[in-house]
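Given next, in structure tokens, is a single chain: the form predicted alone.
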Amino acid sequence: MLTLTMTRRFLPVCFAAVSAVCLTGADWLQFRGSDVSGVSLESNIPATWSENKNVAWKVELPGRGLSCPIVIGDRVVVTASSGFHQDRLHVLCFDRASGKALWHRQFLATGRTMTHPKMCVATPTPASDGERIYAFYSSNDLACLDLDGNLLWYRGLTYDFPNASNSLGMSSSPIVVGDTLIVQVENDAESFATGINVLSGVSRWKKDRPKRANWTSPTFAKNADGTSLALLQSSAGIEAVDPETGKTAWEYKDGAATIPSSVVSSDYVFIPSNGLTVLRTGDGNPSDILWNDNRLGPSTPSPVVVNGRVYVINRAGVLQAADMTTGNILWRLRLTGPFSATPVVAGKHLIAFNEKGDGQVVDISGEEGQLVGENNLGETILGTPAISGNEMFVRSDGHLWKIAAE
């Protein structure tokens, strides 16, 4: 069911135009990149690498982390958590060229640190607006630092919302939309989303959300006038809200997955719902469902859309490519799983890391997908890589790697 609750027109513009920063190989500012697409079309990442080949540097990390690295100019930032109770929270910054540690900040968690053994407190990916870093953790701690690591403000959201947690851990990654940081804290108890002023750390709005554990991350779409809507996904569906006021613009109410996140491309919203459901915004208002296919339901990784195709990894570890406008399945390719990390696209290659640390590189430029590289870094990898220029940054619990052609 699609419910319209607005008169303002909604039109996501083509990301090929809006996301110039990501498509020209610059910063990678949040989960799935600056435009939350997971795509960097101008990048040329090598198809093969190993400890002795095409690894520019490798640095040790002080604790666990499923969070993805982010890239801000000449800096690479990553979070981690350590200690018996995972209550020590880390933000680390490295020089992009050399891997040299530039600074390291630590905080004590103010909220609950219980998680499933597979997860950890440093599961959400940090975000940046190019001037500040917003590090969020499963303990509902939120730190804002400048690019030199100076603390600007800190929120312990558990103090405001003491029942906002679940026993498996939280993983939703925040995003920056304009000058508002969008944070989803959704669980079986005190479930909410909030829009936070990036300068002051003060909440502009807070919305009650469905009381069910949810590990999806928000995304956004552009209006025709250049303003944006934040898309909040939950078990109930999608709620599109004004990032400054929290006012609901429209809703899709036919349910959605609580692990893989939606993605927006051109005039289309791809929702992991009843398999995969695609809405077309048409003349600016969300209209009827364009297509739905229960064969294209993603497992843990989120879908990726590029060059007229949508790519999904299913529970069997099969990569499926479908036409983005019709849903017709074009080809299938079996990969080696299991997968937790969302794949990324660099140039003509889709890169998917499985949990065993195997980086599988698929050439998606032809009529059929072709596996052209299988690479293992020897450690468990659960986080999505970051791509900037012709460089890829990958993290495990123990290390951060920079992969680039020698």
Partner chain sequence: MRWLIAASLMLFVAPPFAQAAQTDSIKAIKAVGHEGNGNVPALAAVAELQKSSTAADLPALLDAFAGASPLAANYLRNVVEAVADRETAAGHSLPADKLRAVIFDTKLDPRARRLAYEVLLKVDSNVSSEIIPQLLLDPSPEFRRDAVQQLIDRAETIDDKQQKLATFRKAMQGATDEDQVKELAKGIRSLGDDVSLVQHFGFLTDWEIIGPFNNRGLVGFAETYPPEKKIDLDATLEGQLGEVKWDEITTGDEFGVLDIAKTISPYKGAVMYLTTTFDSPATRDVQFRFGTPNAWKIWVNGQYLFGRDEYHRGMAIDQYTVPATLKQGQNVILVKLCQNEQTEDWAQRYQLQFRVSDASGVAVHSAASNRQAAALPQNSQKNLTAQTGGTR
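Numbering follows the first chain given and starts at 1. Worth saying up front: this structure is predicted, and the values here are computed from it rather than measured.
Quick note: we don't show the form predicted in complex with the partner chain, though the next part is all about it.
Undergrad: Among 292-300, 267-275, 239-247, 106-114, mark the stretch whose residues have heavy atoms within 4.5 Å of the partner chain in the predicted complex.
TA: Of the options, only 106-114 has residues within 4.5 Å of the partner.
Undergrad: Taking the shortest heavy atom distance, is Ser171 within 4.5 Å of the partner chain in the predicted complex?
TA: It does not: once the partner chain is placed as it appears in the predicted complex, Ser171 has no heavy atom within 4.5 Å of it.
Undergrad: Taking 4.5 angstroms as the cut-off for heavy atoms, does Leu152 touch the partner chain in the predicted complex?
TA: Flag for Leu152 set to yes.
Undergrad: When the contact criterion is heavy atoms within 4.5 Å, does Phe220 count as touching the partner chain in the predicted complex?
TA: Taking the distances in the predicted complex, the answer for Phe220 is no, it never comes within 4.5 Å of the partner chain.
Undergrad: Consider Lys253 of the chain shown here, and say whether it contacts the partner chain in the predicted complex, taking contact as heavy atoms within 4.5 Å.
TA: No - in the predicted complex, heavy atoms of Lys253 and the partner chain never come within 4.5 Å of each other.
Undergrad: Considering Ala101, Ala97, Ala316, Leu199, which brings a non-hydrogen atom within 4.5 Å of the partner chain in the predicted complex?
TA: Selected option: Leu199.
Undergrad: Ala213, Cys120, Met324, Ala193: which sits within 4.5 Å of the partner chain in the predicted complex by any heavy atom?
TA: Only one listed residue qualifies here, and that residue is Ala213.
Undergrad: Within 4.5 Å of the partner chain in the predicted complex, counting any non-hydrogen atom, which residues from 70-85 show up?
TA: Heavy-atom contacts within 4.5 Å come from Phe84, His85.
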